[in-house]
Ligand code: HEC
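One chain comes next, on its own, written out as structure tokens in the form predicted on its own.
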Amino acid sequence: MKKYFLIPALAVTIILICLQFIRPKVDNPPVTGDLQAPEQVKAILVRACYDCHSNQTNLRWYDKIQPVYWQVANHVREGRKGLNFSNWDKLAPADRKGKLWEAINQLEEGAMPIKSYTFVHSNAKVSKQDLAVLKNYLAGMVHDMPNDTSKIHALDKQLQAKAAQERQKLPESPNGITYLPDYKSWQVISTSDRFDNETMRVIYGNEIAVKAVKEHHINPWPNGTILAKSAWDKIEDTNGNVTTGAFKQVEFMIKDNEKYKSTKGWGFARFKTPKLTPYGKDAMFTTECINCHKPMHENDFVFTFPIKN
């Protein structure tokens, strides 16, 4: 009997040894311009993010063992594509705030760092105190402009053009999704405040989405679900009163597992400004959308949780 177990065990051992010599390359290119932040903020980001989101990846010996190393190399490659703190100087100021907001949002939702990473790198876990430090830092980067007349004028201009715009032919996204004007009458299921770019957002759901929320059937969301997220400028007066300003865009997520199989069952569309200009040069823009939503795969790729009654 020992012989029968010994041969397969020996074969597996030989395969594992051979795999150690088949290694994807994980190098650390030069840092062109690292993130500049207070010491406490930088320490949290380095600990939680830099192994996959910088050119300063620190691989431990257990990260280099195959087949784990293949997964590690893929995480580093994909992580740097989405966010690379070592190339921070290449981002415009507004883009930096946007990237930080996305990063902190994913940390708060538990999507990052990924669980398989924190399982073996426990020091990468982000505490509530860490999140508070990061949020305060990001809030300090945003400079509100009370009584911003340019935003107020933009709102007036939009209101004047609204009637004419609604009479025009409904625009169509490059992937074939047509603008859905009825979303304005749908039930609100959540809100969000993007304080990094000073926008306020309202998330609407169609009847199927609302029913799914009531029945706690949102992971996954049922086919036919449509979520609409509208965004406006945020206007704040000297007394701290906040109102919505000019309309920025509306984004749609439509659930159909078969039709949108290539993007994890979700169809994406975005229409910008009151002109409702479709986003994307061609249908491939949806690759950008699903890549952004990938960290939320355990929440069916949806960032915003419905407001609980």
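Bear in mind that the values here come from a model prediction, so they are computed numbers and not experimental data. Counting begins at 1, following the sequence as shown. What we label the rigid core is the largest C-alpha set whose atoms superpose within 1.5 Å from one form to the other.
Omitted here: the form predicted together with this ligand. The next part is about that form.
- Just one listed stretch, out of 179 to 187, 112 to 120, 208 to 216, 151 to 159, contacts this ligand in the model of the complex at the 4.5 Å heavy atom level, and that stretch is 112 to 120.
- Within 4.5 Å of this ligand in the model of the complex, a heavy atom is found for every one of 82, 288 and 304.
- Among 96, 135, 234, 201, the residue placing a heavy atom within 4.5 Å of this ligand in the model of the complex is 201.
- Though the partner is left out of this view, residue 102 does reach within 4.5 Å of this ligand in the model of the complex, counting heavy atoms only.
- Although the partner is absent here, residue 35 lies well away from this ligand in the model of the complex, with no heavy atom inside 4.5 Å.
- Remark: residue 252 counts among the residues lining this ligand in the model of the complex, judged by a heavy atom distance of 4.5 Å or less.
- Interface membership of residue 223, defined by any non-hydrogen atom within 4.5 Å of this ligand in the model of the complex, is ruled out.
- Annotation for 244 to 279: interface residues with this ligand in the model of the complex are 251, 252, 253, 268, 269, 270, 279 [heavy atom within 4.5 Å].
- With the core held fixed between the shown form and the other one, residue 82 has its Cα displaced by at least 2 Å.
- With the core held fixed, the Cα of residue 269 is displaced between the shown form and the other one by less than 2 Å.
- Remark: with the core as the superposition reference, the CA shift of residue 113 between the shown form and the other one reaches 2 Å or more.
- The pair residue 282 and residue 95 is at least 3 angstroms closer at the CA level in the model of the complex than in the present model.
- Inter-residue distance, residue 295 to residue 109 (Cα): reduced by at least 3 Å in the model of the complex versus the depicted form.
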